[in-house]
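Only one chain is shown below, in structure tokens, and it's the form predicted on its own.
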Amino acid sequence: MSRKPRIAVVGSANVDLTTFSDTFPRPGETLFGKSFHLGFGGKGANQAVAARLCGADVVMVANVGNDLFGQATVDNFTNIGIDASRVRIVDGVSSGVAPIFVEPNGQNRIIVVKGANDTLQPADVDAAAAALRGVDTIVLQFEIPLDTVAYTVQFARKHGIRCIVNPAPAQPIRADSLCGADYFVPNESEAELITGLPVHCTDDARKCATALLQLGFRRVILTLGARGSLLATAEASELLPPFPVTPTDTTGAGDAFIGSFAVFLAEGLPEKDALTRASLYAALSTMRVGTQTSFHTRVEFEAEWTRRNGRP
């Protein structure tokens, strides 16, 4: 396309507090960890940063607390080149935080304290309407009130804007309030919670995706970690293979997938090509520590894409 894609993320902004440890303490036990990393995160912010690093113009709609982390979060967006003029600092609540615990194999466990993220309301979406109407894609997650997510899906539908909903972290939903989205992109645990069906193998994934389609979603992308991803529509489903890597920290890989997919799709790539590229972008993020700090620039990504595929 002749101009940069323009992506809006309506969602969360947190500060991640990541601890690396060989084992996890038992109740009442104190252990020494191996290392600690503090960085900017939140699923919404992570997806915005991934989209920006992939080359899009990005506007962020979010709330942060009037505390140590709030202004720092706004400054981080600005420094990366994200339009943070619709990020509101809210008095009386903390900024969102996410303590993250990482095992030696890269597997993570996360506790999210939503804080100011839980104050993001439909009125904030209306206040950002002028900016939102000019974007190619709106991206949403579940670290803000679900009523706000549903309202934004309706906004996108009304204005003919592509909408991607990432139902993370997992929680029960009213499917009829969200099925106006163009893409519904859960991981295994999120899909299991929503449908009540297990996802232990590829056949399970296909059944789960079918159940989501029957709820009214038009296009389902079920991310399966090291098994790749499954694209399902009413007509067919297809398993897209993963790119092999040796992971160091899987934190934020799902956000890397969502943010990069939004950009590749907005650039006009065919759907499967966009998904394949997003799969590599997400895989590469697992080779670095942290969330936003693990995301690759577009130049870095293109070099690795060419190396693995032998073509641009």
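Just so it is clear, the model here is predicted, and its values are computed rather than measured. Just count from 1 along the sequence shown to find any residue number.
The form predicted together with a small molecule is left out here; the points below concern that form.
Student: So in the predicted complex, does any heavy atom of I110 sit within 4.5 Å of the small molecule?
Tutor: Output for I110 is yes: heavy atoms within 4.5 Å of the small molecule.
Student: Contact between G259 and the small molecule in the predicted complex at 4.5 Å, heavy atoms?
Tutor: Outside the cut-off, so no.
Student: Mark E143 yes when one of its heavy atoms lies within 4.5 Å of a heavy atom of the small molecule in the predicted complex, and no otherwise.
Tutor: Flag for E143 set to yes.
Student: With a cut-off of 4.5 Å between heavy atoms, is S285 one of the residues that contacts the small molecule in the predicted complex?
Tutor: Heavy-atom contact with the small molecule at 4.5 Å: absent for S285.
Student: Answer with one of I100, A150, A181, A84: the residue that has a non-hydrogen atom within 4.5 Å of the small molecule in the predicted complex.
Tutor: By the 4.5 Å criterion, the partner-contacting residue is I100.
Student: Out of the stretches listed (25 to 33, 48 to 56, 262 to 270, 246 to 254), which one is close to the small molecule in the predicted complex, meaning heavy atoms within 4.5 Å?
Tutor: This holds for exactly one stretch, 246 to 254.
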